[in-house]
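Single chain ahead, by itself, as structure tokens, in the form predicted on its own.
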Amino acid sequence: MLAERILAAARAEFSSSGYQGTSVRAIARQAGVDPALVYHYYRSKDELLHACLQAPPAMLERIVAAWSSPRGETGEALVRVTMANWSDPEASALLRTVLLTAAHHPETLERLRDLITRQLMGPARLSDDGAESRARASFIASQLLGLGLTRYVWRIEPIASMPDDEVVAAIGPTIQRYVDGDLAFA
């Protein structure tokens, strides 16, 4: 379908060039269509970006499954699901688009906040204390977003080429501490 081809091209452009560096002409060129056709399906660059920021259902299902893992295995499960989502082309395109455009585009920043608080951390029930639960979730998000940036966006070695099991062994215990360990300040 043509609209899907345009959307795929837009995801690729936004994820590689950010919002400011992406033009409707570049999206049209990558999709192999006239720019007028882009506007036919998506009225503006902002509307097209909004369409690109919808999380794929499979990504969300993986996240819910990770949060449903046995309590003592949640840290490992969250690191594995983060790597699985970054390895999935559709989820990776969303994550790259959000991360690369959020700093310069208010709508995308709000979408990033929503993605983190409702979709990535939403399934978490980390404490009966709402403030403590939010703190734990934000610490987890900071580590997992950092993992995504260093391994998949910036490709910093050695973590970029490290085997998945080694990454899980190194980062999983830290995430697990945020799940159920002593936070020292609480």
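Everything numeric here is computed off the predicted structure, so don't read it as measured data. The numbering used is simple: start at 1 and walk along the sequence shown.
There is also a form predicted together with the DNA; it is not shown, and the following applies to it.
Residues with any non-hydrogen atom within 4.5 angstroms of the DNA in the model of the complex fall in just one of 58-66, 133-141, 34-42, 147-155: 34-42. Although the partner is absent here, Thr22 sits close enough that one of its heavy atoms falls within 4.5 Å of the DNA in the model of the complex. Although the partner is absent here, Leu2 lies within 4.5 Å of the DNA in the model of the complex, judged by heavy atoms.
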